[in-house]
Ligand code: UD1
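Taking the form predicted on its own, here's one chain by itself in structure tokens.
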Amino acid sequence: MSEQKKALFVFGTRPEAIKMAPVIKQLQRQDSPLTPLVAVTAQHRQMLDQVLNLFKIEPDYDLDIMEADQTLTTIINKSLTGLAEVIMREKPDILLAQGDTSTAFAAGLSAYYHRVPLAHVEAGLRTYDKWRPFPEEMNRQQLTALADIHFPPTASALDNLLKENVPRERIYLTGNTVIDALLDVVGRKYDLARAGIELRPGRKLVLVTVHRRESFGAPLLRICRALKRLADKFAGEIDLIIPVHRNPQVRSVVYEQLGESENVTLVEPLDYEPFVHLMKAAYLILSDSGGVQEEAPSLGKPALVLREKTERPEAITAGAVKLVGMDEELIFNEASRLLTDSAEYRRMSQVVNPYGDGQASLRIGQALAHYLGLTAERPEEFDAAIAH
């Protein structure tokens, strides 16, 4: 066995923490040839901290960059400055960035500036529209250019990388680590009353989340109008629960449009554990979240995606998810159909999840060891066709 090497994990938001946690835990096991180090930017302070606590991860470095009304420029500048000190002190053998946040892009750029190999977790997602989603699409394309080793979660993400001339030997198809995290948390006992949520017996729960920049303004207003019509049409049958994002551009519209509806409950953003169990309890999910598109099929929950474009087409192709955009009529009609057409609901809820089998973090750990020359054998890759 070669000497122990250092793997530096850099992340700053809740989704990154959720998807990095299983990999960190994998490398913390005694038989791992890699020592994990964790540097958080805290791009999202409170939402990050609750995930760190849930998975019992203690950062080695906390840049604590979050500030009121922060801009993309300040996130990048402060992350680059803080990470330079961390990298120069630790001299990691490899740096891992996840997904497509501004923290991830800054981490990739820092690795490049300091000549540290970069591993990109959840690589190869694309819409090929630089403005949808903004700024994530360009962040992830730039990370592909910077990365030395790529961990696409699905075959279509791998195909995107190959089309962009990434060498196949630098790509390891792993599945998505969000499924590893989800299966961990959904298996824990949790009472939603702890989060102040009471479910009414005999009623179908519709869970809604909306937070993306491209939804702000008129699109969000159309979404809320569709939700209001749903709440009114199925007043005696459904309850809508909406964790409302803290951004004022979201809160003002949601509270104005839906605050008075008897069967709509507006709650503060939920920690990951209660949110997972709320998804589990839901009948139908409407969301513009990338993670929810991956998680809902694992829980057998049909999902309507409130976006014009998605970088996660696999569940749409499989039939577990529908893209309804921000069109009031389409949202209302498709949700109504799933609330009344039991055959269509059953078809969507029984689709095999194309995103993972709960073993992505194990494959990433093996791939890192292979890339760094710590093991000779290339690990087996994820195959959705045989994973279930």
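Start at 1 with the first residue shown and count on from there. What you see is a predicted model, and the numbers here were worked out from it, not measured in a lab.
What comes next is about the form predicted together with the ligand, which is not displayed.
Proximity to the ligand in the predicted complex, defined as a heavy atom within 4.5 Å, holds among L338, I57, M47, L27 only for M47. Only one of V166, I238, I75, V254 lies close to the ligand in the predicted complex, with a heavy atom inside 4.5 Å, and it is I75. Taken together, the three residues T13, D100 and H211 all come within 4.5 Å of the ligand in the predicted complex, as judged by their closest heavy atom.
The chain is drawn here without the ligand; in the predicted complex, the stretch among 218-226, 256-264, 106-114, 240-248 whose residues come within 4.5 Å of it by any heavy atom is 240-248. Proximity of D31 to the ligand in the predicted complex falls outside the 4.5 Å heavy atom cutoff. Residue contact check for M66: one or more of its heavy atoms lie within 4.5 Å of the ligand in the predicted complex. Within this chain, G82 is remote from the site of the ligand in the predicted complex, having no heavy atom within 4.5 Å.
When the ligand is considered in the predicted complex, E136 lines it closely, a heavy atom lying within 4.5 Å. Residues of 345-372 that come within 4.5 Å of the ligand in the predicted complex, judged by any heavy atom, do not exist; none qualify.
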